[in-house]
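Coming up is one lone chain in structure tokens, specifically the form predicted on its own.
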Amino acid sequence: MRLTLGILIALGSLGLLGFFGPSSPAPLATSARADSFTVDPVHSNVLFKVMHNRAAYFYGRFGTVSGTFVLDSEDASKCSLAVEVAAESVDTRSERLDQHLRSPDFFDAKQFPVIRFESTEVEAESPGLYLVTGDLTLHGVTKSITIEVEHIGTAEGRGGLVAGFHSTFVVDRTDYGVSYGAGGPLGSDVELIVSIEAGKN
């Protein structure tokens, strides 16, 4: 399923890790020319946007993000990424709403603590823009999706080399068994906005 550009990680129905935080994704294999990076949880963001009451957009975020990626500037097929979000870390600025989103009505965070995307194929569309196919696991359901990922840049940071990526895409939450309010006050399509900064290993 190919998704349109304009979204990464906001999910318009929610849920994630548990009280112990997300597990660390397994390190990804690298080629001789590739650089391996670890996601900086402080400077990375996963947001979601969903229609509410058929009248306005509602936004939220996930506070716990982890992952790794491999960047090979000469061969896109050698690139890979794995990102995890803790469902328990959903944040809407309302504790009452957050608790509902963590419940079985939405993310069921205790049973399905992690939302995970892991790439299976990466293609270069144009300089700095990649078409990434991978498995998205949400609410215990795994489906293959294709998203556009922009490599924002690579530069020297305080702790060494850093790289940044950004992606925007839409997911139909009902495809993952999260159907509370669908067809009524809450939209089925969730726009995800994912902005990742990571440091070289």
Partner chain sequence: MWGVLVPGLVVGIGTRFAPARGNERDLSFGALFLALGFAAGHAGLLGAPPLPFGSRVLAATDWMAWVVPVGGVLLFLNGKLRAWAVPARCVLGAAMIGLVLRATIEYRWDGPEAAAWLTGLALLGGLVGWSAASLARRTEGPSVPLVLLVASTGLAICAGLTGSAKIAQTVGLVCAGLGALVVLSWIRPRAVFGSSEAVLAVLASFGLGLCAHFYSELPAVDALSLCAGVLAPAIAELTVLQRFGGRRRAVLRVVLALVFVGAAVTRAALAFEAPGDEYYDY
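If you're wondering where the values come from, they're calculated on a predicted model, not measured in any experiment. Residue numbers count along the first chain shown, from 1.
We do not show the form predicted together with the partner chain, though everything after this point is about it.
Novice: Using 4.5 Å between non-hydrogen atoms, is residue 49 touching the partner chain in the model of the complex?
Specialist: No, residue 49 sits far enough from the partner chain in the model of the complex that none of its heavy atoms falls within 4.5 Å.
Novice: Flag residue 157 as yes or no: does it have a non-hydrogen atom within 4.5 angstroms of any non-hydrogen atom of the partner chain in the model of the complex?
Specialist: Residue 157: no, not in contact with the partner chain in the model of the complex.
Novice: Is there a non-hydrogen atom of residue 118 within 4.5 angstroms of a non-hydrogen atom of the partner chain in the model of the complex?
Specialist: Flag for residue 118 set to no.
Novice: With a 4.5 Å heavy atom cut-off, would you call residue 128 a contact of the partner chain in the model of the complex?
Specialist: Output for residue 128 is no: heavy atoms all beyond 4.5 Å of the partner chain.
Novice: Tell me the stretch among 132-140, 39-47, 64-72, 146-154 that has any heavy atom within 4.5 angstroms of the partner chain in the model of the complex.
Specialist: Looking at the partner contacts, the answer comes out as 132-140.
Novice: Is any part of 72-97 within 4.5 angstroms of the partner chain in the model of the complex by a non-hydrogen atom, and which residues would that be?
Specialist: If the 4.5 Å heavy-atom criterion is applied to the partner chain in the model of the complex, 72-97 yields 94, 95, 96, 97.
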